[in-house]
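For reference, the chain that follows is the form predicted on its own, supplied as structure tokens.
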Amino acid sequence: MSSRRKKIYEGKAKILFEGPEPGTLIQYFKDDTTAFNATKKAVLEGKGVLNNRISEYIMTRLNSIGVQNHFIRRLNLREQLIKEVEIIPLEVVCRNIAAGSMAERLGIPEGQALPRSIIEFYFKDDKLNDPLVTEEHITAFNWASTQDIDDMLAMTLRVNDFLTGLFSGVGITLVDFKVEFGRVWENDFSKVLLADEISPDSCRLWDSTNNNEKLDKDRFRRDLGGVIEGYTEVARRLGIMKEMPTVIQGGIPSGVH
């Protein structure tokens, strides 16, 4: 369907096409997988299908508890209809357990629980490797207003509470996650909406019982293998596999069950 539509933007994992009506876009999930700012790349068959479905499930649940987001509906295996938003150029990361760049930056052992959930802002710019920024930078450079920041912080904490409970109920620990936000304008007023996606590409998800077996993109970053199997396991535990065609052959990697 989208091949006939005008491409608006192509990112590392998704393509945005013009939507069927004004104020909408079609978000297409690719199988391309990248890490370390796209210096490491692969195509993992079926990844886009899984992320589309997992993100649909999570965004729909979030909408139902009042966390407004850009998701309208899933169109097919790889595409969803979304509201067009003016993206705020920030990645908002919420961390519950030390891992990845925070563990390295602050010398905290990976896997150590943090004293409380910590939210960090990163400036979205691949050429600069998405640097960590403070609220002072954000308001000084007018990337977002103080009100936008308050809204993003409040929504991120709500998402964290919801996801922590959702995943913990299926034996998965939510280590951290990244979200993005966008503005929609109504008359002269803007409203902040959750945008982008929430999937194993954007969360660190560890099996709660099995020595923190990773079920997320770290399987790709760290050459652990079984990336698609890890993502499939997340979908299976969330109870959404039964509505999906089989996108992978074979079973779950050893230790992931």
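All of these numbers come straight from a predicted model, not from anything done at the bench. The first residue of the sequence shown is number 1, and the count goes up from there.
The next section is about a form of this same protein that is not shown, the form predicted together with a small molecule.
> Check whether A35 has any heavy atom within 4.5 Å of a heavy atom of the small molecule in the predicted complex, and answer yes or no.
Result yes; A35 sits at the interface with the small molecule in the predicted complex.
> Under a 4.5 Å heavy atom criterion, is R221 part of the interface with the small molecule in the predicted complex?
The answer is yes: R221 has a heavy atom within 4.5 Å of the small molecule.
> Heavy atoms within 4.5 Å of the small molecule in the predicted complex: does R53 have any?
R53: no contact with the small molecule in the predicted complex.
> Is R236 close enough to touch the small molecule in the predicted complex, meaning at least one heavy atom pair within 4.5 Å?
Output for R236 is no: heavy atoms all beyond 4.5 Å of the small molecule.
> With the partner absent here, would K12, D201 and K217 each sit within 4.5 Å of the small molecule in the predicted complex, counting heavy atoms only?
Yes, each of K12, D201 and K217 comes within 4.5 Å of the small molecule in the predicted complex.
> Can you check 36 to 44, 206 to 214, 185 to 193, 55 to 63 and let me know which stretch has heavy atoms within 4.5 Å of the small molecule in the predicted complex?
One stretch meets the cut-off, namely 36 to 44.
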